[in-house]
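Below you'll find only one chain, the form predicted alone, shown as structure tokens.
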Amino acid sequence: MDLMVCVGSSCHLQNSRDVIKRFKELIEEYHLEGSVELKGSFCMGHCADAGVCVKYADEIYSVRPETADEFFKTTVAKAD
């Protein structure tokens, strides 16, 4: 399953690099290397939301570095 993180200019200002870095660590921590593929994406059209746009299982979420762990645990790891 693709885990897409916006790397557009608005999300970059919301620390998309930090979210990506943490997701990479969490994919390894949860041993999901074979089932979750982390990908970059350009604008998903939700720039007004607070945080970085993340798309998983055809849903778009707003994730901040400080909420990345909880999002991953409840959305990504739970789905796998």
Partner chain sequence: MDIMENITDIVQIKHEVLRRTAKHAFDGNLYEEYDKIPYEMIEGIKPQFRCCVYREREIVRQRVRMAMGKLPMDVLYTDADSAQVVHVIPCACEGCPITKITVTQNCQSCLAKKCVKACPFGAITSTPHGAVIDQSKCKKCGKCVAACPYNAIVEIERPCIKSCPVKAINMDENDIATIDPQKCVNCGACVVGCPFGAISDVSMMVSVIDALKKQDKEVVAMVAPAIEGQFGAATLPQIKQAIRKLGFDDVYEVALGADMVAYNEAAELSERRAAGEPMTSSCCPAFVNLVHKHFPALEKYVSTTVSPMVAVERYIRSIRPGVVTVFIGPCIAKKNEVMGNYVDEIDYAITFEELYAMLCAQGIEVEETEEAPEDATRYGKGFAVSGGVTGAVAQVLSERGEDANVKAQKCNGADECRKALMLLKAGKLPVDFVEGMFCVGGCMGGPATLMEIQKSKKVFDTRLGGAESVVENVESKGLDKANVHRHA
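Worth saying up front: this structure is predicted, and the values here are computed from it rather than measured. Residue numbers count along the first chain shown, from 1.
Separately, the form predicted together with the partner chain exists; it is not shown, and the next lines address it.
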Answer yes if any heavy atom of E37 is within 4.5 Å of a heavy atom of the partner chain in the predicted bound form; otherwise answer no.
yes
Please tell me whether any heavy atom belonging to L13 falls inside 4.5 Å of a heavy atom of the partner chain, as the geometry stands in the predicted bound form.
yes
Does at least one non-hydrogen atom of K24 fall within 4.5 angstroms of the partner chain in the predicted bound form?
yes
Answer for L32 alone: is it within 4.5 Å of the partner chain in the predicted bound form, judged on heavy atom distances?
no
